[in-house]
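Shown here is one chain on its own, the form predicted alone, set out as structure tokens.
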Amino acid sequence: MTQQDIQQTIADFKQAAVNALEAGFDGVELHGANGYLLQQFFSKNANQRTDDYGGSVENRARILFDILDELKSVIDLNRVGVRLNPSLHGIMGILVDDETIALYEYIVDRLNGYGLAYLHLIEPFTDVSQNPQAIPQVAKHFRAIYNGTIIINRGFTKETAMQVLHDGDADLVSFGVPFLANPDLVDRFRTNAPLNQPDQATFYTPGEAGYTDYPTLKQQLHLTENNQ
């Protein structure tokens, strides 16, 4: 990307926020995780730049804060969240390195000054417990740094979600895959009902299969009653 490309991308993020508000959304989340563009800037193995957006920890994080500074003019930052995946390793071309922990600590500490709606963190996708360059317990690590609301994600069950909340390491737990298979996930958690199992063969595919055809608990009970 040229410098002009970067400035255009920052403007695109700003326009995307405007579009989201006009479409009726309550806020926006900046996706700085999972190997997407912002994380490519953060990662030393992906970012080979020698200008103001490469090299040092501060430079590699610069694009995120440039975007946030632009968003201020079109949306209150208390309607903006930021998503980070600090321990992504060996997936989507991203590797942890000797500066990864310092980089994310810098980012998270600096985010304290932005008054965000929340910081959305992701626990490791893979086992990094033996990797000294990675953070094995992301929520616990950054709870000591971030003063605002933390949402944590990645493979939680109702029980493990309740535990991380009880421990105070996060304020909220987000669920993705379980919601795909259980449109009434909250009610199922509330009543300790069994969960539908997701069909991964339908992930990222067109059509309604795997998206709108999972039954709710009420629908399942209705079918059971009709079959009796």
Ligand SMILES: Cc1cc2nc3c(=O)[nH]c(=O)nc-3n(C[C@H](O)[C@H](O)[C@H](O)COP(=O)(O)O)c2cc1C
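Bear in mind that the values here come from a model prediction, so they are computed numbers and not experimental data. Quick note: we count residues from 1 along the sequence shown, nothing fancier.
In what follows, reference is made to the form predicted together with the named molecule, a form of this protein that is not presented.
The shortest heavy atom separation between Tyr53 and the named molecule in the predicted complex exceeds 4.5 Å. Proximity of Gly113 to the named molecule in the predicted complex: non-hydrogen atoms within 4.5 Å are absent; the residue sits far from the partner. When the named molecule is considered in the predicted complex, Met162 lies well away from it, no heavy atom lying within 4.5 Å. In the predicted complex, at least one heavy atom of Val177 sits within 4.5 Å of a heavy atom of the named molecule. Residue heavy atoms within 4.5 Å of the named molecule in the predicted complex occur in exactly one stretch of 70-78, 151-159, 104-112, 134-142, and that stretch is 151-159.
Checked against the named molecule in the predicted complex, the residues Gln40, Asn34, Asn59, Asn196 give one hit for a heavy atom within 4.5 Å, which is Asn34.
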